[in-house]
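What follows is a single chain, given as structure tokens, in the form predicted on its own.
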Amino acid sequence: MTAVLDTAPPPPRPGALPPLRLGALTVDPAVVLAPMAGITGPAFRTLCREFGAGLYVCEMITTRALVERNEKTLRMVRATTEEHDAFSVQLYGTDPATVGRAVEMLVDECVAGTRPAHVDLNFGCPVPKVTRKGGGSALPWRRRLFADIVAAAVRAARDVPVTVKTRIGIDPEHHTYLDAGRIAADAGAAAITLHGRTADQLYSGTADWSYISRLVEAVDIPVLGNGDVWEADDALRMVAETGCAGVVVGRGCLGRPWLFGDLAAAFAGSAQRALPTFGEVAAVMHRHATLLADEHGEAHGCADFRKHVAWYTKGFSVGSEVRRALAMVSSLDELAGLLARVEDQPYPTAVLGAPRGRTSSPRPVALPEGWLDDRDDPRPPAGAELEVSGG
């Protein structure tokens, strides 16, 4: 069974958005797959690339684990054959020296199997195990430390473009995005991505794109918008409302890798959008599981695929028995047999534009003791990278 969904757009009208330029790298269309833990490994990146468009970033890589040559991390950072011209890595780090060394390993030693075309720095992660150590979306509050990390990465990367991803701030009283944008630009970053939420919002509520507009006005490097891009028309609206140079898509593509075909069409000026039948979705599901099986072995690959089942089947009439069996699938033949039991049906348009993936309630951000006291303290937070080492 192979992916047969036809997303080829008709001849485009004049482009709705020009290509994104990141140093010598051209991203056309200006669409980036956001790193998602446990999701954006080689299989999912390959599948998204097959539907076409933009830049596809691997799962977040911990710089300490990379420098220590952690075996799991070295596997995670390997490029596929198809990615050799545009492999993109996102790094998490809190110590300038360690971040610089990690970038050197990627650029000079090619530990990913190829020299990356792009390096992104994560300053947007809001999860407590990261922020309580001063990392992720907590770190830009310490302006000097943030500047030192970005500068170290840019120096080590040389001609490879370095970008930064961040959030509005820690909470409504502690915004960081404007300082982060200006500092990143001064340090030589090629672009900055802004998720339109504060860290205390996690993934709750609605992303506020007005902050993306303000950042566009404040810096002279490209700003990419992130947050609540569920459909291609959301991306068009984000660009129109904010003036951003491109979009970064995360949860919106879960169970819908063909969204990248829609985005490519939209930014080429085409109104074509994919509404695959269940039979076409089933072919994509089997292709996804096959890629995972090729990567991890059939048993492990099928087990890893299980988390994607609910996203792919959202809104379809599948039946509780088949749905339960799909969530416990253990072989490709079993998957094919179960999918064949589901009657073909039109795409459930009721789910279009609806949130996908993780949701959460707002909660106070866990921070190191005294973290908010001195914004110009340049010292790395103690133990922050060791806390999340191993990938």
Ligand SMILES: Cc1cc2nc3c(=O)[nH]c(=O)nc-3n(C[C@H](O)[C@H](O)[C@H](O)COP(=O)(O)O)c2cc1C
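Predicted, not measured: the structure shown is a model, and the values here were computed from it. When you see a residue number, it is the position in the sequence shown, counting from 1.
In what follows, reference is made to the form predicted in complex with the ligand, a form of this protein that is not presented.
Novice: In the predicted complex, is there a heavy atom of the ligand that lies within 4.5 Å of any heavy atom of D148, even though the partner is absent here?
Specialist: Outside the cut-off, so no.
Novice: Indicate whether M36 is a 4.5 Å heavy atom neighbour of the ligand in the predicted complex.
Specialist: Judged by the heavy-atom cut-off of 4.5 Å, M36 is in contact with the ligand in the predicted complex.
Novice: Please check if G227 has a heavy atom lying within 4.5 Å of any heavy atom of the ligand in the predicted complex.
Specialist: Yes - in the predicted complex, heavy atoms of G227 and the ligand come within 4.5 Å of each other.
Novice: With the partner left out of view, is M60 within 4.5 angstroms of the ligand in the predicted complex by any non-hydrogen atom?
Specialist: Because a heavy atom of M60 falls inside 4.5 Å of the ligand in the predicted complex, the answer is yes.
Novice: R251, K133, R287, R142: which sits within 4.5 Å of the ligand in the predicted complex by any heavy atom?
Specialist: Here the answer is residue option R251.
Novice: Between the options Q201, N122, T176, T242, which residue brings a heavy atom to within 4.5 Å of the ligand in the predicted complex?
Specialist: Exactly one residue meets the criterion: N122.
Novice: Using a 4.5 Å heavy atom cut-off, are R45, T114 and H296 all in contact with the ligand in the predicted complex?
Specialist: Heavy-atom distance to the ligand in the predicted complex: none of the three under 4.5 Å.
Novice: Counting only heavy atoms and a 4.5 Å cutoff, which of 361-369, 28-36, 341-349, 318-326 contacts the ligand in the predicted complex?
Specialist: This holds for exactly one stretch, 28-36.
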